[in-house]
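Next come structure tokens for two forms of one protein chain, structure 1 first, structure 2 second.
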Structure 1
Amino acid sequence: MSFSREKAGPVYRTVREVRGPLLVVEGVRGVSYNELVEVKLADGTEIIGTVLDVYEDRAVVQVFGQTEGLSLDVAVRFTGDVMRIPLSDDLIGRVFNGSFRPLDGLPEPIGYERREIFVSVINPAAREPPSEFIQTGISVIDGMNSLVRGQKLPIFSEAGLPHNVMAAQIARQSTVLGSEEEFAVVLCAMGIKHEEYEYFRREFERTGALDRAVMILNLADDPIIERIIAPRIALTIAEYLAFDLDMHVLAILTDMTGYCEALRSISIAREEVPARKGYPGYMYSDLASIYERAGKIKGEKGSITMMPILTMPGGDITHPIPDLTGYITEGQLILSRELYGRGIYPPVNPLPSLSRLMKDGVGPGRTREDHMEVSNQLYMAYAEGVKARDLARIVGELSLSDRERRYLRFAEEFERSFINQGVYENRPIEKTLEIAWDLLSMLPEDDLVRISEENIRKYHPKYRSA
């Protein structure tokens, strides 16, 4: 077992109720929230858990691992300690399950120290504003919705869309331009299928991405309760790599919908009054306790950048999970089923997508002085093209004006050559901007109203070839 059990406490045989993974223990004294608990089953098997709630002389304990054999006839020992994991740089390159047990055939980790996984978020007063550009090698992200070091930028997807393929590509390709600090990836997957598990393992090992990554993988048939601790284990590791070893860390959490479903299951077992769509009323603060662990801290070289991935139930962006996530994070990348149906990968629709911190991470000294202007012009032109396409579906393309047909062609070429790229195609930001300028050259120069005259003369293909 990887969790520490440094202190011993009294043993209770006063379990009065079993609700799935929850035990209600009566007659307890001196028990604290999140305290580590050992549960001994009738057959001698030991499992661990934590204190979820304490009221009067009762404690609600959530157990981790398989719940077969749980009954009123179990012994419960409160250790007086909290859940901790061992930390060291040897964790890089390792693969664990949602309970921090090795999945790679190697021994359990022995760390330089053990740290609690349920910790507070970064103090807002200690935060440093994000400012450095992270290159993902994906044009629609780098060019129009740039990721900034220390940012929280979620991906809103739907079932059946290639969000996990995107996650693996981002993990392989991401780098901080012009930075000397080491870059690491912490991937936490919650409730994934066996084929998704095999895909992540195979991709990370085959491409060498595992050499700079730590993977926490919770399968769909693993205990649902593990999905509650898996992201906290991942972020505890990320914090150690970032703020103790001075690394830039990209934390990818997929799928946060699986996490929220686990949260709802526990809430139902606790017989709590449900809020929207049956989710607990504290889901906002619970999600914030995860998301707000990302960022930059004043005086620290390292940082944690987070990309949570969630599948919107029924594609509904107003569903509580994407809705609350949008309030806490700094933008969103929205995947489009329509683009995916037309063979576009990655199917990111740039029009409803947004990176609120992009302006702080691009421009002179970070990417290029024309970056923000080019992004704004692409948005404007693509929106015109999409509007022309919608009109053509009603009146026919022949009924469009010359301007509308021009922007329709721009939209089609934009999707084909800018949004669309290979799964293993890693585009530097210079290549992304070069493709953007080639596309903008399809439009009359007078239409480039979002770009300064100086940048047009410096980067427009017409003047480059002159």
Structure 2
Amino acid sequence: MSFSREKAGPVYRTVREVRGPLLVVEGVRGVSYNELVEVKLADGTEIIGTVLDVYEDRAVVQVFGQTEGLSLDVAVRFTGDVMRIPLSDDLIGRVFNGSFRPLDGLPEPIGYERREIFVSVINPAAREPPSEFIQTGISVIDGMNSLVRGQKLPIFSEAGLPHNVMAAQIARQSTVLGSEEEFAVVLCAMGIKHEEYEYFRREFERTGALDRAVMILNLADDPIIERIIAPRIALTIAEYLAFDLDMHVLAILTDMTGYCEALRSISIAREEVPARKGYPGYMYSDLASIYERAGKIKGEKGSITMMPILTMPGGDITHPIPDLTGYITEGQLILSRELYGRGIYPPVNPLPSLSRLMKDGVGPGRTREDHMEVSNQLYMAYAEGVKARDLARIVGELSLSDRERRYLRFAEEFERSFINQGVYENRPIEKTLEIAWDLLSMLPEDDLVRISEENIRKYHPKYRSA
């Protein structure tokens, strides 16, 4: 077992109650809250757990791993320590399961240092505000929802949409403008299907990214409860790579919906009062303890950029999982079934998508002085075009005014040539902005109210060609 240093600590066989993943152990002494526990089942299998509640000599233990085979007849060892993992640069290139056991046939890792996986809070005063533009080569991200190093930007998707293809493309193409450094990738899979994992592995292998990746896998048929610790293991490794080894890490967490369902199962087993849709009231804080591990620290070279992926149950963005995530992350990229249906890839709907940190990463000296204004103008024009399209559906295109028709054409052209691009197409930011200006030149100049007159004169194709 990789979590505890040695087989020490008292063993009890006094389990009085088994309820889902929870065990009630009696007659214990010196047990502490959140302590790591090892449970040996009757058939010799060992699983791990932590102490959730301790009342005098009675401890409630939550186990991570299979819950079949749990009985009153198990041996419970209290290790006297919280959950830790060993860390070293040997972890790079490795694959583990949600209990940190190797899946790649290589031996158990040995670390220089063992670090707690649950408690890690960056001091807000020590944080460096993220501001380095990451060029993903995807126009709708770079142009309108720019990602910066140290940001946490989730993809809100739905079942059947190509979020994994997009995540892999981002992992493959991302570079920081003006530097050739590549990202190390930490992939944490929670409840995804085997073929989805295979896709990531193949893609990483093909492009050589596998040599700078660490994967923690809890697939759909693995114990659901392990999903609680899998992201913590992944992020503890990410922090080690970023802040001990000075690497720039891209952490991809997929699928957070799988994680939240595990959280709900435990909450229900504990008979807690639920907040919304059966999810516990502390889900916001729990998700924050994961997402907030992204960031940069003053005086440190490395960084953690995080891209959680979640599938919105029923495509409902007000569902607690996307809702609470959106309150914590610095924006969101929202995929649209409608766009995908029309053959647009990546099907990112820019209107509800947002990157909160974009303003700090773009502009003069970073990308280009007109970047932010062009982005705002695209938003406004596309929103106008979508409105016209809705109207045309009711009254017919012929009844639209000239202005409405113009915006409708703009929206269609925008989807076809700006949003739409190839899975292996890597567009530099200059190219993205060029396409944007070509589209904006479809509109009368007086309509470009979000762009300053200076920038219009400098970048509008009309003046450039003249």
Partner chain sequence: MSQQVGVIKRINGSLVVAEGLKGAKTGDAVYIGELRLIGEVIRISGNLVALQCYEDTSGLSPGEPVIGSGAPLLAELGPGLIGEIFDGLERSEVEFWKLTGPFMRRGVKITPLRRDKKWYFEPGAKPGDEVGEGDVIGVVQESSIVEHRILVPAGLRGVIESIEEGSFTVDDTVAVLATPDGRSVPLKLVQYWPVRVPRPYRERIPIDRPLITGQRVIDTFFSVAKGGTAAIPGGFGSGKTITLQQIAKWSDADIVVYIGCGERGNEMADILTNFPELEDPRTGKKLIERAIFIANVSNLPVAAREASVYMGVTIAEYFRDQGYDVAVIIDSTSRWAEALRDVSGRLEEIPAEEGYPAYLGERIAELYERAGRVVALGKDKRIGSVTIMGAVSPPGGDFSEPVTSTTMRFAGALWALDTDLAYRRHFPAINWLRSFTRYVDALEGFWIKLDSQWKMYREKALAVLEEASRLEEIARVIGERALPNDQRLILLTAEIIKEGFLVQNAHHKVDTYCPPEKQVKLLKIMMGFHDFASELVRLGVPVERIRSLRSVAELLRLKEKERLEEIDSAYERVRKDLEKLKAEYQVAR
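Think of the rigid core as the biggest set of C-alphas that the two forms share within 1.5 Å after superposition. Sequence positions of structure 1, starting at 1, serve as the residue numbers. Since we're looking at a predicted model, the values are computed, not measured.
- Of the two copies shown, the first one, structure 1, is the form predicted on its own.
- Annotation: Cα of Asp90 displaced by at least 2 Å between the two structures, core superposition.
- Here Glu35 counts as shifted, since its C-alpha moves by at least 2 Å between the two structures after the core is aligned.
- Superposition of the core reveals a Cα shift of less than 2 Å for Glu412 between the two structures.
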